[in-house]
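Given next, in structure tokens, is a single chain: the form predicted alone.
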């Protein structure tokens, strides 16, 4: 079996599963945010549930429209707070303690290798970087899981992606996953588990792995997953709040497709409007002027991402025709970035630093685009109207390209700044 099949079989109490099987499986963690939890709460009450299956296994994180941007957002967030208090949920993260959910939960040791995690948010697939099976589900599935501790699944087929070769300067996990999505398309892994492997992945730091698994959904994937190793162990050993298990794929496991990529041939990439698969080398886009740069999100808002952007922009100024918004993904990342002097670098460059929030990624707040404006962002989606006006445009890149572009006033590379 593949790692995905092993985790699902274990949680379903079965010796083995095969793709296409319909199973009921117990979940280790259920999560929802200020957009999706209110729907789940209403469904939970409608089915007459008397209480949650485990108050320590349900995470509610207001991060999309929080800090609350208007009255509607405030009402949504209040629903989460009230339900959490009524049901004694230990994993309710209020503003001041919260962060972008998919950065916060790994950081806090709440999602772990071998887990089965569901979340009412499509980027729940992020946690596959830790060797967990994690996938986004609907709010009604979350409601049922909050009551029963179980969810149903169709066991997905698995695809294997093998990466080899040395990474070029300023190339990281974001570029690897953009290259992959550009190759297979936004439906190339539809309802499949995307298993990332190879020497390049085994050398990739955890933040790069999290970025790759985060965007599995952008290829239609049911999940992204990486077999855990020493890098995984180093990341989780001091964070873990409970025991965890390492699973691996059998040498004779079956995959519906196997693809190999020579990473020495991959350069910094940009996804152009209006699909994450519309990928081109950044160097080919020097004629694209921009109005806004966003560094943040569950894709690239971690400390290492901020360091990368700061390394590029240090001692320089944001172009006078551009606004740059930097959003540390969690309070801990904010604090660490402050201690390292990264926030001062951004402020000296005349960028603005935000409190942790999903904010502009989904067109929520903290950087909405007007008609005709263009943004280059380290986020994960660039659909029509994703960050504001339907006639605005979003380009996606890694943090280094984003920072260089903020200085240049157009899409560009760190090399153009002498780096």
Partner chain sequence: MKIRGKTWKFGADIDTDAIIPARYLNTSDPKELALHVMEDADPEFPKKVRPGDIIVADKNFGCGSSREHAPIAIKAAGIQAVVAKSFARIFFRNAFNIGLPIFESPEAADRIGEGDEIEIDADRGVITNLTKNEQYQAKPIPPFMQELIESGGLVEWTKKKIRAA
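These numbers come from a predicted model, not from an experiment. Positions refer to the first chain, counted from 1.
Missing here is the form predicted in complex with the partner chain; even so, the following discussion is about that form.
- Shown alone here, residue 303 lies farther than 4.5 Å from the partner chain in the model of the complex, counting heavy atoms only.
- The partner chain in the model of the complex comes within 4.5 Å of no heavy atom belonging to residue 246.
- Using a 4.5 angstroms limit between non-hydrogen atoms, residue 76 touches the partner chain in the model of the complex.
- Put simply, residue 68 is far from the partner chain in the model of the complex: not one heavy atom of it is within 4.5 Å.
- Not one of 162, 235 and 258 comes within 4.5 Å of the partner chain in the model of the complex, counting any heavy atom.
- This chain lacks the partner; the member of 168, 148, 88, 332 within 4.5 angstroms of the partner chain in the model of the complex by a non-hydrogen atom is 148.
- Checked against the partner chain in the model of the complex, the residues 141, 197, 115, 336 give one hit for a heavy atom within 4.5 Å, which is 141.
- Comparing 204-212, 315-323, 236-244, 182-190 against the partner chain in the model of the complex, the single stretch with non-hydrogen atoms within 4.5 angstroms of it is 182-190.
- Residues of 319-348 that come within 4.5 Å of the partner chain in the model of the complex, judged by any heavy atom, do not exist; none qualify.
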